[in-house]
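What follows is a single chain, given as C-alpha coordinates, in the form predicted alone.
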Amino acid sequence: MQHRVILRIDLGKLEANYRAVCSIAAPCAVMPVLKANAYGLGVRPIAESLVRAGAPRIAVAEPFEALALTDLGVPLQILSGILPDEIAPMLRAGVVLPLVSEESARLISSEAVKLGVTAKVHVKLDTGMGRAGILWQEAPKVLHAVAHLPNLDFEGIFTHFPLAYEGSSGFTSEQLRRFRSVLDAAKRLGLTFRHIHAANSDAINNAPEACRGPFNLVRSGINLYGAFDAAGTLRVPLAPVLNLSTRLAQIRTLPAGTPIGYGHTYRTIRETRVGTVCVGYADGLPLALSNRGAVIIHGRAVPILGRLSMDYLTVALDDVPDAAVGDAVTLIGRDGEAEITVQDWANLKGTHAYDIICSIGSRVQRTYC
(Lines give C-alpha, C1' and ligand atoms only; values in the text may rest on other atoms or scores of the structure.)
Protein backbone atom coordinates (compact mmCIF):
# COMPACT_ATOMS: atom_id res chain seq x y z
CA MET A 1 0.00 0.00 0.00
CA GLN A 2 1.34 3.42 -0.91
CA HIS A 3 0.39 6.92 0.09
CA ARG A 4 -2.38 8.44 -1.99
CA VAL A 5 -0.60 11.73 -2.64
CA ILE A 6 3.14 11.78 -3.26
CA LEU A 7 5.49 14.73 -3.67
CA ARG A 8 8.65 13.70 -5.50
CA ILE A 9 11.66 16.00 -5.10
CA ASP A 10 14.42 15.53 -7.66
CA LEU A 11 17.66 16.14 -5.77
CA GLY A 12 19.72 15.97 -8.95
CA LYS A 13 17.77 18.88 -10.41
CA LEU A 14 17.99 20.67 -7.06
CA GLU A 15 21.78 20.46 -7.18
CA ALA A 16 21.79 21.56 -10.82
CA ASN A 17 19.68 24.59 -9.88
CA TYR A 18 22.11 25.40 -7.07
CA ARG A 19 25.04 25.28 -9.48
CA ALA A 20 23.12 27.49 -11.94
CA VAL A 21 22.52 30.08 -9.23
CA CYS A 22 26.21 29.90 -8.29
CA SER A 23 27.18 30.57 -11.91
CA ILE A 24 24.94 33.63 -12.21
CA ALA A 25 25.84 35.01 -8.77
CA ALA A 26 29.63 34.57 -9.14
CA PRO A 27 31.90 35.77 -7.68
CA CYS A 28 29.53 35.75 -4.70
CA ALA A 29 29.09 32.53 -2.75
CA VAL A 30 25.53 31.17 -2.50
CA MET A 31 23.90 30.41 0.85
CA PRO A 32 20.71 28.30 0.63
CA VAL A 33 17.82 29.52 2.75
CA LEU A 34 16.10 26.42 4.14
CA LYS A 35 13.62 27.94 6.55
CA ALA A 36 10.21 26.40 7.31
CA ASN A 37 11.46 22.84 6.76
CA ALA A 38 12.89 23.87 3.38
CA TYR A 39 9.55 25.45 2.47
CA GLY A 40 7.81 22.29 3.64
CA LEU A 41 9.71 19.99 1.30
CA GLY A 42 11.81 18.25 3.96
CA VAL A 43 14.91 20.04 5.16
CA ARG A 44 17.18 17.10 5.95
CA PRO A 45 17.59 15.49 2.52
CA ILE A 46 17.57 18.88 0.82
CA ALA A 47 20.26 20.27 3.12
CA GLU A 48 22.44 17.17 2.69
CA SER A 49 22.09 17.41 -1.09
CA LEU A 50 23.03 21.10 -1.17
CA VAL A 51 26.04 20.58 1.08
CA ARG A 52 27.19 17.84 -1.31
CA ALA A 53 26.75 20.38 -4.12
CA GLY A 54 29.09 22.77 -2.32
CA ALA A 55 26.87 25.04 -0.22
CA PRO A 56 29.29 26.76 2.20
CA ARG A 57 26.66 27.63 4.83
CA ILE A 58 22.90 27.42 5.42
CA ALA A 59 20.39 30.00 6.63
CA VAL A 60 17.25 29.24 8.64
CA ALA A 61 14.60 31.31 10.40
CA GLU A 62 14.50 30.03 13.97
CA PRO A 63 16.45 27.94 16.51
CA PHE A 64 14.86 24.52 16.11
CA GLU A 65 15.46 24.68 12.38
CA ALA A 66 19.15 25.23 13.11
CA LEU A 67 19.38 22.45 15.70
CA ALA A 68 18.15 19.91 13.15
CA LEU A 69 21.21 20.58 10.96
CA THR A 70 24.13 21.06 13.35
CA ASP A 71 25.88 17.85 12.25
CA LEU A 72 26.23 18.86 8.58
CA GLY A 73 29.63 20.47 9.06
CA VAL A 74 28.77 23.90 7.64
CA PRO A 75 27.95 27.15 9.46
CA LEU A 76 24.28 27.66 10.25
CA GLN A 77 22.79 31.08 10.77
CA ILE A 78 19.48 32.51 11.84
CA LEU A 79 18.23 35.30 9.61
CA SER A 80 15.35 36.50 11.76
CA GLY A 81 15.48 37.99 15.24
CA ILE A 82 16.61 36.06 18.29
CA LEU A 83 14.67 35.90 21.56
CA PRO A 84 16.54 36.28 24.88
CA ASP A 85 15.95 32.69 26.04
CA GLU A 86 17.20 31.35 22.69
CA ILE A 87 20.62 32.98 22.81
CA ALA A 88 22.47 30.61 25.16
CA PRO A 89 21.28 27.37 23.47
CA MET A 90 22.22 28.75 20.07
CA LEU A 91 25.66 29.80 21.27
CA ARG A 92 26.23 26.33 22.71
CA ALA A 93 25.30 24.89 19.31
CA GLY A 94 27.66 27.28 17.50
CA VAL A 95 24.89 28.93 15.47
CA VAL A 96 25.54 32.33 13.88
CA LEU A 97 23.10 34.89 15.30
CA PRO A 98 21.49 38.03 13.89
CA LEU A 99 22.33 41.26 15.67
CA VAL A 100 19.16 43.35 15.33
CA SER A 101 19.59 46.07 17.97
CA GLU A 102 21.95 47.44 20.60
CA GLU A 103 20.00 45.49 23.21
CA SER A 104 20.39 42.21 21.34
CA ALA A 105 24.13 42.84 20.96
CA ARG A 106 24.52 43.34 24.70
CA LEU A 107 22.47 40.22 25.49
CA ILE A 108 24.48 38.07 23.07
CA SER A 109 27.76 39.47 24.40
CA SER A 110 26.74 38.82 28.00
CA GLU A 111 25.70 35.22 27.32
CA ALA A 112 28.85 34.56 25.30
CA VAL A 113 31.00 35.80 28.21
CA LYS A 114 29.13 33.54 30.64
CA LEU A 115 29.61 30.53 28.39
CA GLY A 116 33.21 31.34 27.56
CA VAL A 117 32.58 31.36 23.81
CA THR A 118 32.85 33.86 20.99
CA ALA A 119 29.52 34.60 19.35
CA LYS A 120 29.54 34.96 15.58
CA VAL A 121 26.95 37.59 14.59
CA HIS A 122 25.64 39.16 11.41
CA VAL A 123 24.41 42.72 11.76
CA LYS A 124 20.90 42.93 10.32
CA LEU A 125 20.16 46.30 8.71
CA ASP A 126 16.70 47.57 7.89
CA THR A 127 17.30 49.59 4.73
CA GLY A 128 13.65 49.63 3.74
CA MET A 129 11.99 46.30 4.46
CA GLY A 130 10.35 47.69 7.59
CA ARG A 131 10.23 44.33 9.31
CA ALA A 132 13.24 43.83 11.59
CA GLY A 133 16.81 44.94 12.16
CA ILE A 134 18.70 48.13 12.91
CA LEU A 135 17.36 51.13 11.02
CA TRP A 136 20.07 52.16 8.60
CA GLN A 137 19.96 55.77 9.82
CA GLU A 138 20.67 54.61 13.37
CA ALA A 139 23.22 51.95 12.46
CA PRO A 140 26.40 54.10 12.82
CA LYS A 141 25.36 55.06 16.35
CA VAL A 142 24.46 51.48 17.30
CA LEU A 143 27.64 50.05 15.82
CA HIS A 144 29.69 52.63 17.71
CA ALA A 145 28.00 51.52 20.94
CA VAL A 146 28.56 47.79 20.43
CA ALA A 147 31.75 47.56 18.38
CA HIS A 148 33.93 46.73 21.37
CA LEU A 149 31.60 44.49 23.36
CA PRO A 150 33.44 41.36 24.51
CA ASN A 151 33.13 37.94 22.88
CA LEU A 152 31.44 39.20 19.71
CA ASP A 153 32.78 38.34 16.26
CA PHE A 154 31.16 40.69 13.75
CA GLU A 155 31.35 38.10 11.03
CA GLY A 156 28.79 39.56 8.67
CA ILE A 157 26.32 42.27 7.80
CA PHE A 158 23.18 42.02 5.66
CA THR A 159 19.90 43.52 4.60
CA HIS A 160 16.78 42.38 2.73
CA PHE A 161 14.97 43.67 -0.35
CA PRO A 162 11.15 43.96 -0.53
CA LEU A 163 11.02 45.03 -4.19
CA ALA A 164 14.00 43.36 -5.86
CA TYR A 165 11.77 41.81 -8.53
CA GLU A 166 11.46 45.34 -9.94
CA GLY A 167 15.19 45.44 -10.66
CA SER A 168 18.03 47.49 -9.23
CA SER A 169 16.62 50.84 -10.21
CA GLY A 170 14.34 52.78 -7.93
CA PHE A 171 13.97 51.65 -4.35
CA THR A 172 16.35 48.70 -4.49
CA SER A 173 19.07 51.04 -5.74
CA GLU A 174 18.36 53.35 -2.81
CA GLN A 175 18.66 50.41 -0.41
CA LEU A 176 22.05 49.58 -1.88
CA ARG A 177 23.15 53.19 -1.36
CA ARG A 178 21.98 53.09 2.25
CA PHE A 179 23.77 49.80 2.85
CA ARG A 180 27.03 51.14 1.46
CA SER A 181 26.77 54.24 3.65
CA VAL A 182 26.57 51.99 6.73
CA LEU A 183 29.57 49.99 5.50
CA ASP A 184 31.55 53.22 5.23
CA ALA A 185 30.53 54.21 8.78
CA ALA A 186 31.49 50.76 10.08
CA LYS A 187 34.90 51.00 8.40
CA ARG A 188 35.57 54.28 10.17
CA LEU A 189 34.89 52.42 13.44
CA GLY A 190 37.38 49.75 12.50
CA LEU A 191 34.66 47.18 11.78
CA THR A 192 35.06 44.98 8.72
CA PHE A 193 32.90 42.02 7.77
CA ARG A 194 33.85 38.72 6.17
CA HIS A 195 30.35 38.14 4.79
CA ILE A 196 28.36 40.97 3.21
CA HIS A 197 25.02 40.03 1.70
CA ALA A 198 21.78 41.55 0.46
CA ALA A 199 20.59 39.59 -2.59
CA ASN A 200 17.72 37.15 -2.27
CA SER A 201 16.36 35.05 -5.16
CA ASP A 202 14.62 38.08 -6.67
CA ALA A 203 17.76 40.19 -6.53
CA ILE A 204 19.97 37.44 -7.97
CA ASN A 205 17.71 37.57 -11.02
CA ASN A 206 16.88 41.26 -11.17
CA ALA A 207 19.46 43.31 -9.26
CA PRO A 208 22.93 42.15 -10.36
CA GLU A 209 24.59 45.03 -8.44
CA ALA A 210 23.82 43.08 -5.27
CA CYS A 211 25.95 40.22 -6.60
CA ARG A 212 29.09 42.33 -6.98
CA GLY A 213 31.49 44.00 -4.56
CA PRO A 214 31.29 44.89 -1.76
CA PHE A 215 28.88 41.94 -1.59
CA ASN A 216 30.41 38.47 -1.46
CA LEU A 217 27.43 36.30 -0.49
CA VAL A 218 23.86 35.88 -1.76
CA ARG A 219 20.86 34.00 -0.36
CA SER A 220 18.85 31.63 -2.54
CA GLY A 221 15.53 30.07 -1.56
CA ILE A 222 12.69 29.60 -4.03
CA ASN A 223 14.99 29.38 -7.08
CA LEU A 224 16.48 26.15 -5.77
CA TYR A 225 13.18 24.40 -6.44
CA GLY A 226 12.86 25.62 -10.00
CA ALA A 227 10.36 28.33 -9.12
CA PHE A 228 10.56 32.13 -8.97
CA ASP A 229 8.53 35.24 -8.31
CA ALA A 230 6.71 35.84 -11.59
CA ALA A 231 6.55 39.58 -10.84
CA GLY A 232 10.20 39.77 -11.87
CA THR A 233 12.44 38.44 -14.64
CA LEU A 234 14.19 35.10 -14.48
CA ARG A 235 17.81 35.07 -15.66
CA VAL A 236 18.87 31.81 -13.95
CA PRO A 237 18.16 28.67 -16.02
CA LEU A 238 16.13 26.53 -13.63
CA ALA A 239 14.71 23.01 -13.80
CA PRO A 240 11.43 22.15 -12.03
CA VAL A 241 12.28 20.00 -9.01
CA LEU A 242 8.80 19.03 -7.83
CA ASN A 243 6.32 16.44 -9.03
CA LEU A 244 3.03 16.09 -7.14
CA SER A 245 0.83 13.14 -8.01
CA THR A 246 -2.07 11.01 -6.83
CA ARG A 247 -4.49 8.40 -8.25
CA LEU A 248 -7.98 8.01 -9.58
CA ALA A 249 -10.37 6.66 -6.97
CA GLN A 250 -13.59 6.15 -8.93
CA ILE A 251 -15.02 6.62 -12.43
CA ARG A 252 -18.72 7.15 -13.13
CA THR A 253 -20.88 8.32 -15.99
CA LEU A 254 -23.19 11.08 -14.78
CA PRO A 255 -26.30 12.20 -16.66
CA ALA A 256 -26.75 15.73 -17.97
CA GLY A 257 -27.76 18.21 -15.29
CA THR A 258 -26.00 16.40 -12.43
CA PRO A 259 -24.70 18.84 -9.78
CA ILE A 260 -21.13 18.20 -8.57
CA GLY A 261 -19.54 19.13 -5.26
CA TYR A 262 -20.26 21.48 -2.39
CA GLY A 263 -22.41 24.42 -3.36
CA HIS A 264 -23.37 22.77 -6.66
CA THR A 265 -21.07 25.21 -8.44
CA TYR A 266 -20.98 22.93 -11.49
CA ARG A 267 -23.64 20.90 -13.32
CA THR A 268 -22.91 18.56 -16.18
CA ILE A 269 -24.17 19.98 -19.44
CA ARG A 270 -24.33 16.54 -21.07
CA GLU A 271 -23.76 12.95 -20.07
CA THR A 272 -20.19 13.07 -18.74
CA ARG A 273 -17.60 10.55 -17.68
CA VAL A 274 -16.40 11.88 -14.32
CA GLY A 275 -13.41 10.77 -12.27
CA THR A 276 -12.98 11.21 -8.54
CA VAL A 277 -9.35 11.95 -7.63
CA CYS A 278 -7.72 11.22 -4.25
CA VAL A 279 -6.58 14.73 -3.34
CA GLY A 280 -8.04 17.92 -1.89
CA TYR A 281 -7.29 21.15 -0.18
CA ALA A 282 -6.02 19.30 2.91
CA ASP A 283 -3.13 18.21 0.70
CA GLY A 284 -2.35 21.79 -0.25
CA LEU A 285 -4.37 22.27 -3.41
CA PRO A 286 -5.66 25.84 -3.66
CA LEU A 287 -9.42 26.10 -3.48
CA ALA A 288 -9.04 28.47 -6.44
CA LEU A 289 -8.53 25.42 -8.68
CA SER A 290 -12.27 24.74 -8.35
CA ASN A 291 -13.89 24.88 -11.80
CA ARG A 292 -10.71 26.50 -13.17
CA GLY A 293 -7.74 24.21 -12.76
CA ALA A 294 -6.76 20.94 -14.38
CA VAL A 295 -4.88 17.72 -13.69
CA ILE A 296 -3.02 15.43 -16.10
CA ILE A 297 -4.09 11.84 -16.80
CA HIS A 298 -2.44 9.72 -19.49
CA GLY A 299 -0.63 12.80 -20.81
CA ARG A 300 -3.82 14.86 -21.22
CA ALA A 301 -4.87 17.88 -19.18
CA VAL A 302 -8.43 17.35 -17.95
CA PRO A 303 -10.54 20.04 -16.26
CA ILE A 304 -11.54 20.08 -12.60
CA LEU A 305 -15.31 20.05 -12.17
CA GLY A 306 -16.95 21.70 -9.18
CA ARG A 307 -15.49 22.81 -5.89
CA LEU A 308 -12.52 21.02 -4.36
CA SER A 309 -13.26 19.05 -1.19
CA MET A 310 -10.87 18.46 1.69
CA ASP A 311 -9.87 15.01 0.38
CA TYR A 312 -11.14 14.73 -3.20
CA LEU A 313 -11.74 16.53 -6.46
CA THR A 314 -13.63 15.57 -9.59
CA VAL A 315 -12.54 15.82 -13.21
CA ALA A 316 -14.00 15.30 -16.67
CA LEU A 317 -12.68 12.12 -18.30
CA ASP A 318 -14.38 12.21 -21.70
CA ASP A 319 -11.03 12.94 -23.38
CA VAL A 320 -9.32 10.04 -21.57
CA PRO A 321 -11.50 7.03 -22.43
CA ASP A 322 -8.88 4.52 -21.30
CA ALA A 323 -8.55 5.98 -17.78
CA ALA A 324 -9.06 3.41 -15.03
CA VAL A 325 -9.35 3.36 -11.26
CA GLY A 326 -5.88 3.49 -9.70
CA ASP A 327 -4.28 5.35 -12.61
CA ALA A 328 -1.71 8.04 -11.86
CA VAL A 329 -2.84 11.66 -11.80
CA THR A 330 -0.24 14.41 -12.16
CA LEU A 331 -1.05 17.55 -10.19
CA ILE A 332 2.25 19.42 -10.59
CA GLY A 333 4.76 18.24 -13.13
CA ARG A 334 4.95 16.90 -16.68
CA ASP A 335 3.29 13.86 -18.26
CA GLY A 336 3.90 13.55 -21.98
CA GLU A 337 3.33 16.91 -23.63
CA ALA A 338 1.19 18.26 -20.80
CA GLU A 339 2.65 20.17 -17.86
CA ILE A 340 1.29 21.97 -14.80
CA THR A 341 3.69 24.21 -12.90
CA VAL A 342 3.77 25.69 -9.43
CA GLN A 343 3.31 29.07 -11.08
CA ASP A 344 0.14 27.87 -12.83
CA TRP A 345 -1.40 27.25 -9.41
CA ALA A 346 -0.05 30.55 -8.09
CA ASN A 347 -1.66 32.42 -10.99
CA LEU A 348 -5.04 30.83 -10.35
CA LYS A 349 -4.83 31.57 -6.64
CA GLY A 350 -3.58 35.13 -7.17
CA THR A 351 -0.47 34.49 -5.07
CA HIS A 352 3.19 33.53 -5.54
CA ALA A 353 5.16 30.30 -5.73
CA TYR A 354 6.29 30.50 -2.10
CA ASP A 355 2.70 30.22 -0.88
CA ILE A 356 1.98 27.20 -3.08
CA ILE A 357 5.07 25.22 -2.08
CA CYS A 358 4.78 25.99 1.64
CA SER A 359 1.10 24.93 1.61
CA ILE A 360 1.61 21.31 0.51
CA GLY A 361 -0.07 19.26 3.23
CA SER A 362 1.61 17.27 5.98
CA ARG A 363 -0.03 13.97 4.98
CA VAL A 364 1.53 14.16 1.52
CA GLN A 365 4.46 11.72 1.38
CA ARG A 366 7.76 13.37 0.43
CA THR A 367 10.08 11.14 -1.60
CA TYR A 368 13.50 11.99 -3.01
CA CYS A 369 15.25 10.83 -6.15
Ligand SMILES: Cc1ncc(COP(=O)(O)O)c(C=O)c1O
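All residue numbers refer to positions in the sequence shown, first residue = 1. These figures come from a predicted structure and were not determined experimentally.
The discussion below concerns the form predicted together with this ligand, not included here.
Original post:
Quick one: is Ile222 in contact with this ligand in the predicted bound form, heavy atoms, 4.5 Å cut-off?
Top reply: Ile222 belongs to the contact set for this ligand.
Original post:
Given that the partner is absent here, does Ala55 sit within 4.5 Å of this ligand in the predicted bound form, heavy atoms only?
Top reply: The answer is no: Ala55 has no heavy atom within 4.5 Å of this ligand.
Original post:
Do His122 and this ligand come within 4.5 Å of each other in the predicted bound form, heavy atoms counted?
Top reply: No.
**OP:** Check whether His160 has any heavy atom within 4.5 Å of a heavy atom of this ligand in the predicted bound form, and answer yes or no.
**Re:** Residue-level check for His160: yes, a contact with this ligand.
Original post:
So which of 313-321, 29-37, 42-50, 334-342 is the stretch with heavy atoms within 4.5 Å of this ligand in the predicted bound form?
Top reply: Of the stretches listed, the one contacting the partner is 29-37.
Original post:
Considering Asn206, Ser104, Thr246, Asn200, which brings a non-hydrogen atom within 4.5 Å of this ligand in the predicted bound form?
Top reply: For this set of options, the contacting one is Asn200.
Original post:
Only one of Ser110, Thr276, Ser80, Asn291 has a non-hydrogen atom within 4.5 angstroms of this ligand in the predicted bound form; which is it?
Top reply: The residue from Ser110, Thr276, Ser80, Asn291 that makes the contact is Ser80.
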